[in-house]
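In the C-alpha cells that follow, a single protein chain appears in two forms: structure 1, then structure 2.
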Structure 1
C-alpha cells in the first residue's frame, strides 16, 4: 500500500454524558492478568496450551462469570464472552488473544481482550438496548507456537485436517499432543468455523508494537492494512569434520552458507521488497554444535512480512533462489518447511471511517497507518468486515518485558472502541 499515511489532528470535543469505560476496573484487570503465567527464567510466559495459558484462560472465565456474561468455548478452544446473544441476530464481535511469546509483555493481545470484556460489562451495566448482540473472543495461539493463528483461522474456516495433524512447534511438540494434554481433540477445531451471516462486524484493539505513534505523539492509530508473512524452517546440510585438520578450502561448512544468506537479506529486500517489507532470521541451531567441529547442519527460521501479496510472493521466490544458489556453490543441501503463511489484509473502509468519525467526535488525534505485525483481524477478514484500533507502544517495544502503553492512551483507545461498538450495535 502507499506509505503516505493520513494524519488527522482534531480539536478536543466534550464527551460528557456519553458512556465511558470504568478505567479503574480496566486498569486492575491489566495489572492482575499481567501477573499470571510468570516464569522465573522467561518472565511472562503464557505460550499457547501451556500452564500459564491455562491460568490466563481460567482467570478470563472467572471475569466473564463475575460480569454475568455468557461463556462459550468452541472446538479450537477459543473462549467467547457474549451479551444478549440469541443465535438469530449477527453479533458485533471484538477479540484478540491472551497467549504470549516467552518473555512477552502484559499488553500484546491481552489488552484487546480486556477492552472487549470492559465494553460488554459497561453496556450491560448501563442497560443499553442492542440491535445486535455483543461478543468478545480470546483466540487460541495467536502467537503462532504451532504456526499461523490457530484460533482465528479455525473460526474463519482456514484449517484442514492435514494442517492440524502436521502442526508442531519449534521443539517438535505437536498441536494434537498439546491439546490432548488439556483433554481436547485438535480435530474439533474444524467445527469452530463461523458462518459469516452470524457476524455483523469484527473490531480489534491492539498495541501498535512499533514506534510510529509514540514518536509522533499521536494517541490512536486506525489500521488500514495488515502485513502478511511466510515463516520457514530452513536447513542447510554440509559435512561435519574436524576443525583443526580440515583445510578451509576443503570444508563443506553449513554455517558459512547461513552466514552468506544472512548477508544477502538486505539485498533481497532492496531488490524485491518495498517500504513495508521486513525479514528476520530469529532462531539458529548448529549441529553437532561442538567448538572444535565444523557445523554439518545449520537450521534456522526465516520470517518475511509485507502488506502487499505480490511483493510477499516476490520475496519468497527471491529467498528460495538465493538459498539454492548458495547451497549449490558451497556443495550444501538445501531444504525447508513452510511453518506458516498469512495473506496480507485490508480493513473495511466503512468501518475505518466510522472509527475515524468517533475519534474526531472525541477530539482524539489519530493516524491512519499499516500494521507490520500479524493479527487475528487478518483471519477474521475472511468471514467479516473488519476494523482495527492501535494505541501507542512506548518506544515501540513489544514481545519483551519493556512493553507498555500509558494509561491515558489505553483509556482513550478503550472509549473509542466502546463508542465504535455502540455506533454499530446499539438501538438508536
Structure 2
C-alpha cells in the first residue's frame, strides 16, 4: 500500500451540502483493515475461509457492533450489517467482499464493504428516518478460492448441491472442509437464497481495476454493464519436424497458424466488436516446445469479452471462422473447447440515472463505462435491480500491493453512495 498521506488533498467542493461520510473514520477503517491478513510470503492474503479472512471478518463484526448495527450471518457465511431491518420492508442493500487474492491489495472488495458500513453508520448517527432498511453485505469468496462469487450466488439462488460438494481450491482443499473447520455446514449455503421481494435495490462501490478513469482523470465511473465473456482452449495441430531438415514450404507449423490468428484478433474486434470488446491470448503452449523442432501443436487460450450478448456471439462466430480458415489454408487441424461462457449483465438504467443525477448535484465528473471484471453485482442482478459505482485505480493496478485510489476519489465515491442510498431509502 502506498503511503496514505501522499494521497490526501483538500476536500473537494463536490461534497458540500447534505449528509457526508466521516472521511477520517472511513480512512482509518481502510488503513486498519489493510493490515489484517498480512502474510510473510504472500503479502495481503485474506483468501476465503483462510486465517486472514477470519481475522478480517472478526474485525468487521466488531466494527458493526461498535456502530450499534445488527449482525446477521447467513448460510453461505455472508456477513450482513443491518439498520432498521424488520424482515417486512425490502432493503436497500450494499455489498462487496472482504476476501482477497493472495498478494492482493487493500481496496479490491474491501472498499465497497467499508463504504457500505460508513453509510449505515452515518445514517444511523444522523437519525435519518428510513422508508427502507439498509444493509451492507460482506460476500463470501468473491475472489474465487472455491470458484468465485460464492456468497452472492448463494443469495441469488444460483448454487447447487453438486457445485457446493465439488468446490475445491488449487491445493485440493474442499469448500466443505474449509467451512467445516469454521464450524459451518457448506450445504447451508442453499438456505441463503434471498427472495427478490426483500431487496429494494442493490448497489456496489468498487475500484475500477483498470486504467480508464485514472487516464482520463475522472473520479467516478457509473457501471452500465458487466462484460460477459467466452473463454476457449484452442488447439492447432500440425506436424512436428526437424527445424533444420524441413524446408519452409514443406512445413505444417502450428505456431505460424497461431501467429496469423494473433494478427487477426484486432481485425475481428474492429469488424465485429464494439468499444467494450476485449480479446486476449494469455496462455500459449507449443509442443514439442524445442527450439530445433517445428511446433506440431499450439495450444492457447482465447478470452473475449463484451457487454452485449449479440456482439459476443458475433465475435465468437468470427473467431471460429478465422481459425477454421487459417487451419484450412495451412493444413492444420483446428479444435477448441469452451472453458467458460458468462452472459453480460446490465445494471438497472433507472438506478444508473439516479446515481448520475446525484453525481451531477455533487458537481462530480463521471463516466458511464462497462466493468471488464466480474463482481458480486453480476449475481445480484438475478434477484435485484443493481447499480454500480467505480472509483479510479491508479495506473489501473489491482490484485497487487500497488493497488491504490486517491483519498479524495474515495471520499467522493463514498458520498455519492451515501446520497444515492438516501435517495432510495430515506423517507422524504
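Given the structure is predicted, the values throughout are model-derived calculations rather than measurements. Residue numbers count along the first chain shown, from 1. Heads up, when I say rigid core I mean the largest set of C-alphas that superpose within 1.5 Å between the two forms.
- Between the two displayed forms of this chain, it is structure 2 that matches the form predicted in complex with a further copy of the same chain.
- Hinge residue for the rigid-part rotation between structures 1 and 2, picked from 376, 225, 147, 272: 225.
- Think of the chain as two rigid blocks: between structures 1 and 2, the small block swings through 23° with respect to the big one.
- The rigid core superposition between structures 1 and 2 gives a CA shift for residue 231 of 7.0 Å.
- Comparison between structures 1 and 2 places the CA of residue 337 10.2 angstrom away from its other position, after core fitting.
- Core superposition gives residue 306 a CA displacement of 3.9 Å between structures 1 and 2.
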